[in-house]
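In the form predicted alone, a lone chain appears below as structure tokens.
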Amino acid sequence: MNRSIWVFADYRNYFQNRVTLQLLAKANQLAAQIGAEVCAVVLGYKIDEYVAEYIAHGAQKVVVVEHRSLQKYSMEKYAVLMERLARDYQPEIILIGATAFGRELAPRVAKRLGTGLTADCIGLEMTEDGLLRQIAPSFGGNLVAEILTPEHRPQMATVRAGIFQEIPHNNSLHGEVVRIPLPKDLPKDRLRLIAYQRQPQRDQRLEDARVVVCGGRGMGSKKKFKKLFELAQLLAGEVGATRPVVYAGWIDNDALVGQAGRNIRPQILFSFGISGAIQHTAAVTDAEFIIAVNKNPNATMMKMADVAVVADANQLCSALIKELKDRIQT
């Protein structure tokens, strides 16, 4: 049986959530090193358009289980299906996006398969002897761990969005589609979905924003931190934050930029009152241009910045807002 690397394909909110495409790109890099094929696994209903998309983004094979009963996500059914497919095809590696959906599904699949799982990875590499090196933050983001699964298979990992770059859409790519009938003995749903409501979203995903205004404790207070939202709006950007700010309740966890949160690569990053702990700086190294504001000229973020301004973060933020508003009015 050919060696394979599987990517669980979560097609919900496809055009905004790109983590599956990012994992397909990384899977191609890893597969080239161990002589494996890249396979996307799609469970659902009326999903042919997504199958074609995954092939155009690098899947050499797509395993499809399509049935009306899979139209709505069922944790029990999806976990059992993934287990059975994995036992039948014996993939070397299974990668799943570290979304709320993936974080629920992946550990259940790993438990059923009797294998390990590294959650919220920020990097993946192949070792010289063909093992998957899974790189993930640990101890609250203060350390980075490198984890191997030397004995059990498949090797499994969930990976955060924004870590890898997707392969551009290419209609000339071809792939095999394997359609598997729905087993008749799947477990019945213990939960019944009555209704759902989407949570309000940002104007754009933090990972996709061209301008990100990030704030830390140096902003001084929750009230002062809110000024960053006004500045971000004037710059058509989004607001990010450090872990202490999120833990203090100044902003929702969705805005956390760091190894325990989101990795970003904006064209311009404003860093207000951020000292630069490693769990934060590791997530912003791909920013094209960094402007840092801090009272401490020796802060790590100041040393990383293309432009470093020694000043009170709150005061400079207020001055920038005033200047931008004046320019808009004139």
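It should be emphasised that the depicted structure is a prediction, and the values quoted were computed from it without experimental measurement. Under this definition, the rigid core comprises the largest set of C-alpha atoms superposing within 1.5 Å between the forms. Residue numbers here begin at 1 and follow the sequence given.
Missing here is the form predicted in complex with a small molecule; even so, the following discussion is about that form.
When you look in the predicted complex, the only residue of S275, Q29, Q60, N263 with a non-hydrogen atom within 4.5 Å of the small molecule is S275. Taken together, R18, L70 and P181 are entirely out of contact with the small molecule in the predicted complex: none brings a heavy atom within 4.5 Å. Between 77-85, 160-168, 205-213, 117-125, the stretch whose residues reach within 4.5 angstroms of the small molecule in the predicted complex through a non-hydrogen atom is 117-125. None of the heavy atoms of A236 is located within 4.5 Å of the small molecule in the predicted complex. A residue is said to contact a partner when one of its heavy atoms sits within 4.5 Å of a partner heavy atom; A106 fails this definition for the small molecule in the predicted complex, lying far away. In the predicted complex, K295 approaches the small molecule with a heavy atom inside 4.5 Å. The small molecule is not shown here, and in the predicted complex it never comes within 4.5 Å of any heavy atom of L24. Once the rigid core is overlaid between the shown form and the other one, L117 does not reach a Cα shift of 2 Å, moving by less than that. A displacement of 2 angstroms or greater separates the C-alpha positions of V309 between the shown form and the other one, with the rigid core held in common.
Once the rigid core is overlaid between the shown form and the other one, G44 does not reach a Cα shift of 2 Å, moving by less than that.
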